[in-house]
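In the block that follows, a single chain appears as structure tokens, in the form predicted on its own.
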Amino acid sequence: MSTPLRLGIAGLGTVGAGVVKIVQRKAELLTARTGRSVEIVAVSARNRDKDRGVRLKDYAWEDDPVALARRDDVDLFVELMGGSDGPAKAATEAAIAGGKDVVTANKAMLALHGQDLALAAEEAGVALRFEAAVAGGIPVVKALTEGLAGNEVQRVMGVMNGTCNYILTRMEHAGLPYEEVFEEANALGYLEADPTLDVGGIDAGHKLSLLSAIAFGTQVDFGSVELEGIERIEIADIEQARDMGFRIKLLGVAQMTGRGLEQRMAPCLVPADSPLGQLEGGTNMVVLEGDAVGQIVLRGAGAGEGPTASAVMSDVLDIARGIRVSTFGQPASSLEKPVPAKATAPAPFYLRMELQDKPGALAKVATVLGEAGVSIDRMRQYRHQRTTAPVLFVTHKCPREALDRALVAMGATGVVEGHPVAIRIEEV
């Protein structure tokens, strides 16, 4: 009879408890599907006495996750603590050095240290898997590394942070301002301890950088992801987008061009009738485009106990079956360092600004746009204020560089109050 696969789980929060539940409740199913039993032998967490809703008394306890990673009776180290450095990184490195396979849900650690960890795993001859680090229960890592391995990927695109999607769709349906929905999401426990990780686009940017590495055969380069969060989106933007047949999404886009690798995570307008436009609440969606397969759309729960634990277990079961796949789909030593590139392909843009309520203000702005090579498709003035006039433009297709030149020049006109909001209208 095959020997069991013995797990050591570090981190017993929502996801860790979910993994324990699956192992305990689905033991026969896991054995049937892998040909060997999957057993937990030891666990580690910050608080030994906390009630997590699962039975833990049968497992050895380690206060130090590094000690857990070094145990002789652990074959597979499951890292679910989180954090880009500290105990998570130290324990992962210890496990790899000890010849143990690793499964992690830690997108921040991999976004910052993924190349070094993948090289270490390769040298040690162990697996480092991270399906749960991107898009929760959606098997997008497996889709790229296995299902689409015969494709040259042309573009990766998606909504990868459920909290931001919840906030934007809640603002739209309830007609509530950003600040109020933000507090509501925080009260519901949807936001990270540092909310800027969510609303600032950082969490989603981590995920995009990992998918880019797999899709384009490059080293992870989170530092080159262009990041813009949703903090400046107002209910007026959402309403105006809806009136034009669009919805606003925090959208990640990555593609390889002749100039280098483009990676951007920013609010975009997408057609309301597109799959991305119809995405509601905390759901995630990833769109993959390959030269042979065309466009693939993956949709599902992007977070939560069950979906994320499901993704963790998919990696665990692959290792139990003896399936070995390089961390980023090909040997880490073969991954090229990418050349970062900014998006230059022309696109239409939504542009909202507050103009001083005086003669000639609109003409000055139109002149600045024209001189920068940005032509106006349509314009609307709405909700006239006491001293300012809110104005909305939609441009014809133009390079972002041209629009940025215009935005800088507007500051010298003396008629624009505050900072204009510019949102790309994405073709999906």
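Start at 1 with the first residue shown and count on from there. On a predicted model such as this, the values are computed, not experimentally measured, just so you know.
As for the form predicted together with ligand HSE, it is not shown, yet the points below apply to it.
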{"item": "The unique member of L76, A332, A303, A343 whose heavy atoms fall within 4.5 Å of ligand HSE in the predicted complex", "value": "A303"}
{"item": "Listed residue (N106, T92, T163, T327) with a non-hydrogen atom within 4.5 angstroms of ligand HSE in the predicted complex", "value": "T163"}
{"item": "Which of 179 to 187, 195 to 203, 345 to 353, 122 to 130 lines the interface with ligand HSE in the predicted complex (heavy atom within 4.5 Å)", "value": "195 to 203"}
{"item": "Non-hydrogen atom contact R247 with ligand HSE in the predicted complex at 4.5 angstroms", "value": "no"}
